[in-house]
Ligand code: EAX
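First, one chain by itself in structure tokens, the form predicted alone.
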Amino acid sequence: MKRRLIFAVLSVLLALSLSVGGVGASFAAEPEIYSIRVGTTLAPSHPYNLGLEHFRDLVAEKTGGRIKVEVFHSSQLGNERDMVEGLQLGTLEMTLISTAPLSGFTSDFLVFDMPFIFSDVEVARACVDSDIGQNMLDGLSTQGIMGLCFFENGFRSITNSRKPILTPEDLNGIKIRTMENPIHMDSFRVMKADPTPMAFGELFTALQQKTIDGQENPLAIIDTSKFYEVQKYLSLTEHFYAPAPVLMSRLFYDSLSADLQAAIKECLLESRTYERQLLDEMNAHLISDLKTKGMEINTVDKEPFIKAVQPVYEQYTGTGPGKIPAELIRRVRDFKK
């Protein structure tokens, strides 16, 4: 009797176990949700951030909500160098920055910072999207960073509060904020300006207090950062092209499945196109807008500026730390769309 009772109890427990197992097997395990914080130093209305918001929406849709992106603008997550270090440490998932902080990893990135190296934006975009740009992004992998693609900041021009800049000689004695980029600083030094590196988050106040005379940035930054409130003169020198690499922590990237990695790349490429279109649309009306906001704007003959900065090419061409191979400079200079 006892033996039959034990057998009956065991049979019921086994049936319950199989029943529960059967029910559980009919449902897939809940997918893991990944969060991506992506930081920039620019204003929320800049195409950088609008492009990243587009990416946020695309990747949420494509992954069925498995990846949630939050965009932090205006240096909320630190300056560019802070964010790059965060990627390496795995304390930040993603950022969109200038190329300046990357020159410490490989001086090849400096080639895009050479003055007047690109004739127009179409050639510049085609070059950074080619194997030339991709090889540079891929080279960051050993440093704990995944280079995914290039967004864009545009061509940089000069503003200041003292006078119109029509020739290189007009820069003599002008104290101008630059990024902490040796080529940028040396380009202004050879034109007798006084380049002063400064974090972007500190720039508006420095211009407002006149501790510096001027700065150089693309039109979209001049507008969205409201530099027209503290700068009178804008000279359309377009001396540097500014690609903007989108970077991800390799620790985070490697934690994702192959399908999620592919989704991120696909959505970023679509967002890159969207961001550049926004920039083109803004640039089409920004000159007239900035005039309306009180800036005095002048075009310049670029040839004297190009001639003035040729010593920078001689200084940075070569091999070794801080030098750019002559062949890489040639390939970028001669690049055809």
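We number the residues from 1 along the sequence you see. The structure presented is a predicted model; accordingly, all values stated were derived computationally and were not measured.
What follows is about the form predicted together with the named molecule, which we do not show.
**Student:** Quick check on H73: any heavy atom within 4.5 Å of the named molecule in the model of the complex?
**Tutor:** H73: no contact with the named molecule in the model of the complex.
**Student:** Hey, in the model of the complex, is R125 touching the named molecule, heavy atoms inside 4.5 Å?
**Tutor:** Looking in the model of the complex, residue contacts with the named molecule do not include R125, since no heavy atom lies within 4.5 Å.
**Student:** Even though the partner isn't displayed, in the model of the complex is F55 close enough to the named molecule, meaning a heavy atom within 4.5 Å?
**Tutor:** Although the named molecule is absent here, F55 would stay clear of it in the model of the complex, with no heavy atoms inside 4.5 Å.
**Student:** Considering only heavy atoms, tell me if S249 and the named molecule come within 4.5 Å of each other in the model of the complex.
**Tutor:** No, S249 stays farther than 4.5 Å from the named molecule in the model of the complex.
**Student:** Pick from T95, S187, S235, N153: which residue has any heavy atom within 4.5 angstroms of the named molecule in the model of the complex?
**Tutor:** Going through each option in turn, the one that passes is N153.
**Student:** Let me know the one among D223, E80, D108, D170 whose heavy atoms come within 4.5 Å of the named molecule in the model of the complex, would you?
**Tutor:** Residue within 4.5 Å of the partner: E80.
**Student:** Which one of these stretches, 63 to 71, 37 to 45, 294 to 302, 274 to 282, sits within 4.5 Å of the named molecule in the model of the complex when only heavy atoms are counted?
**Tutor:** So the stretch in question is 37 to 45.
**Student:** What are the residues of 287 to 313, in order along the chain, with a heavy atom within 4.5 Å of the named molecule in the model of the complex?
**Tutor:** Nothing in the stretch sits within 4.5 Å of the partner.
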